[in-house]
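Encoded as structure tokens, the following chain is the form predicted alone, with no partner shown.
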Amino acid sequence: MNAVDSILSCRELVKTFPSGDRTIEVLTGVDFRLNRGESVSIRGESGSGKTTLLSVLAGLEEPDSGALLWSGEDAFAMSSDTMARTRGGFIGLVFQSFYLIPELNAFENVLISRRMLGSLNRGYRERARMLLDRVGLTERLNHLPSQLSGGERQRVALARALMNGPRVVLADEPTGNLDETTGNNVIDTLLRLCREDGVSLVLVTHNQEHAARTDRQMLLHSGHLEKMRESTL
């Protein structure tokens, strides 16, 4: 993999957590590189550290040691304010539990990503409408999350993740709360949007079929990230 094409990478990430009188090693030297426009899936057993790894890649959690590079820049060398601003325009996040604001409608939930970075203008409002149209929710802009199905809520979350034109989307079990048919539709939408916009994608999933649709498949096992073998899991 050409370093010039890398949009996100990490080297020798180590992350441990205290547990009583002992320490649990979750990441024990993770090396990873994501190319521009590439999609990569990460699978692993429950408790293997997949969510922890995604949190570190997003700069939401600091490792004990190791390096994280966003477009070649050392993310953890940034001040906390600079990192937060950089993250807001560089990374889009999608979670299993949607995390929509209950009091805001679909349109407002998408706009919240931009609002956190600064003032809004007509162009941003048009982009939010366009993204909701691309995920098939043109008629649901004014609906509250409680008025939407699980699949519709996750599609709002996808639009929100893309609102600021990120270079990378990190998706943590985005179909974990959905039935099979709805989950397949959400993955279809996620992969299509990232491909059309040239956005790199890291997809954490337990679903083998969803993982197989990405450009590369990885396995997080015993704290290390490995290339997936067909016989694994």
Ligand SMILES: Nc1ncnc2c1ncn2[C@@H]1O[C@H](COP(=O)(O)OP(=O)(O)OP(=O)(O)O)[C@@H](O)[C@H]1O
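A residue's number is simply how far along the shown sequence it sits, counting from 1. Keep in mind the model is a prediction, meaning the values are calculated, not measured.
We do not show the form predicted together with the ligand, though everything after this point is about it.
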query: At the 4.5 Å heavy atom threshold, is S48 in contact with the ligand in the predicted bound form?
result: yes
- request: Check whether R192 has any heavy atom within 4.5 Å of a heavy atom of the ligand in the predicted bound form, and answer yes or no.
  value: no
query: Can any non-hydrogen atom of H206 be found within 4.5 angstroms of the ligand in the predicted bound form?
result: yes
field: V26, heavy atom within 4.5 angstroms of the ligand in the predicted bound form
entry: yes
query: Just one of N164, T52, N35, S41 has a heavy atom within 4.5 Å of the ligand in the predicted bound form. Which one?
result: T52
- prompt: Considering only 159-198, what residues come within 4.5 Å of the ligand in the predicted bound form, judged by heavy atoms?
  reply: E173
